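A single chain comes next, written as structure tokens; it is the form predicted alone.
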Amino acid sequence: MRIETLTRMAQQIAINNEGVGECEAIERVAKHLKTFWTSAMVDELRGYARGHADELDPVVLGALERLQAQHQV
């Protein structure tokens, strides 16, 4: 999938969770990514985030970090 599509979708998911507070939004976005995205999609977004963190919503970045931490447990 094109990275533009992945970033747009991830950003939209974050926007849809704006009203719940940052910590809860991070949890919800991480859960959404884990449930509905393939691991390849998450990995591609994570790779993009490494070099373009300033272009992504902090909630998206937090969700990616949360997913990464869950994999290392």
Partner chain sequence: MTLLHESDYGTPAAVCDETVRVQVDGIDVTVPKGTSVMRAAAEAGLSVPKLCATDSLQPFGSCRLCLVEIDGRKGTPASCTTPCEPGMVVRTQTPKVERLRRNVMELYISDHPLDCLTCPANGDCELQDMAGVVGLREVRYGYEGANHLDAPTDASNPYFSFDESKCIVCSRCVRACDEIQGTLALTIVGRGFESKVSPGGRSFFDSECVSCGACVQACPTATLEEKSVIELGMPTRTVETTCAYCGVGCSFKAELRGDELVRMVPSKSGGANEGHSCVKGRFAWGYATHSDRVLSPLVRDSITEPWREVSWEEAIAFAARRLKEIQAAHGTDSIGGITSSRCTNEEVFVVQKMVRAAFGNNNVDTCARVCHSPTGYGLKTTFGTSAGTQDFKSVAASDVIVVIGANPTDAHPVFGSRMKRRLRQGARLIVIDPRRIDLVRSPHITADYHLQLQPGTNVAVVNAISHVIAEEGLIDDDFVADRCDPILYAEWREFIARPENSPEALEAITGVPAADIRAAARLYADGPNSAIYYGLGVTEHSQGSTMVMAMANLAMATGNIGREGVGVNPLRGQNNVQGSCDMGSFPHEFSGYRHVSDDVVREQFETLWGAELRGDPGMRIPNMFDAAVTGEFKALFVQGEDVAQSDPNTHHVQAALAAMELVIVQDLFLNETARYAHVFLPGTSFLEKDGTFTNAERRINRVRPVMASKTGKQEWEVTCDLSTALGYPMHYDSASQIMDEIATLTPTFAGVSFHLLDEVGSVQWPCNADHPLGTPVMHVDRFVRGQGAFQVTPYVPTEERSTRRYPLLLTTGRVLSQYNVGAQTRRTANVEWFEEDVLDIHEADAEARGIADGTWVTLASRVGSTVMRARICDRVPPGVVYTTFHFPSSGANVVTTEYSDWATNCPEYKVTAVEVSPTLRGPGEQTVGVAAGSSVAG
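Positions refer to the first chain, counted from 1. Computed from a prediction, not measured in an experiment: that's the story for all the values here.
There is also a form predicted together with the partner chain; it is not shown, and the following applies to it.
Contact check for Gln70: every heavy atom lies farther than 4.5 Å from the partner chain in the model of the complex. By the criterion of a heavy atom within 4.5 Å, Trp37 is counted among the residues contacting the partner chain in the model of the complex. Using a 4.5 Å cutoff between non-hydrogen atoms, Arg46 does not count as a contact of the partner chain in the model of the complex.
In the model of the complex, the partner chain sits within 4.5 Å of a heavy atom belonging to Ile15.
Shown without its partner, the chain has Met1, Arg2, Thr5, Arg8, Met9, Gln12, Ile13, Ile15, Asn16, Asn17, Gly19, Val20, Arg28, His32, Lys34, Thr35, Phe36 in segment 1-36 as residues with a non-hydrogen atom within 4.5 angstroms of the partner chain in the model of the complex.
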